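The chain that follows stands alone, in the form predicted alone, written as structure tokens.
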Amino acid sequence: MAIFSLWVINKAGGLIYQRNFADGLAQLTSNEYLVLAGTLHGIHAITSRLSPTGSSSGAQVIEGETFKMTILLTATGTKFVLLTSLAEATADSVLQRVYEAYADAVMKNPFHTPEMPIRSEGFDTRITSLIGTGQP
């Protein structure tokens, strides 16, 4: 079980936070991460419209052959995305705690502009204590 990466995507589809926690991930440029976040935002919007039974909040889990992407959509439209191994069973609870750290360390910070990149040492510290550094 492993947590590979955490992304925070604003309601417009912009990547406002990205951090890797495992070695072996593809080395992407910041622009490639922005494109991937925008694409995921679009996929999430499409999946919210496809529900045959009415309204849907969109995709919550996307599985690949070697990883799982778990998505937490907040009431404000911010998405928290956790890339994990397929065996990771705690992704939902980790995302909930990441959201709580975001609410405490970022949204309560009077110097943070909503929807802009997260540059908070307090948030980074809380994420490190929650998930780890990714270094052995």
Partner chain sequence: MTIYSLYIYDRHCACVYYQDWHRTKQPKRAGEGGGILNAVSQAVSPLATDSAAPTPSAFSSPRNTLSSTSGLVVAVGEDPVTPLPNPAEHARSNTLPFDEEAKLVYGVVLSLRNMVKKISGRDEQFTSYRTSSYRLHLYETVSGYKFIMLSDAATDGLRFVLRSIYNGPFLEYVVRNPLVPMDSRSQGIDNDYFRASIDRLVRGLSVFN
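Please read these numbers as outputs of a predicted model, since none were measured by experiment. Residue numbers count along the first chain shown, from 1.
Beyond what is shown, the protein has a form predicted in complex with the partner chain; the following relates to that form.
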{"query": "Joint contact, L50, S55 and G58 to the partner chain in the model of the complex, by non-hydrogen atom at 4.5 Å", "finding": "yes"}
{"query": "Answer option from I62, M107, L73, L95, heavy atom within 4.5 Å of the partner chain in the model of the complex", "finding": "I62"}
{"query": "Heavy atom of P114 within 4.5 Å of the partner chain in the model of the complex", "finding": "no"}
{"query": "S30: touches the partner chain in the model of the complex, heavy atom cutoff 4.5 angstroms", "finding": "no"}
{"query": "Non-hydrogen atom contact A87 with the partner chain in the model of the complex at 4.5 angstroms", "finding": "no"}
{"query": "Close approach of Y99 to the partner chain in the model of the complex, 4.5 Å, heavy atom", "finding": "no"}
{"query": "Sequence-ordered list of residues in 24-39 near the partner chain in the model of the complex, where near means a heavy atom within 4.5 Å", "finding": "G24, L25, A26, L28, E32, L36, T39"}
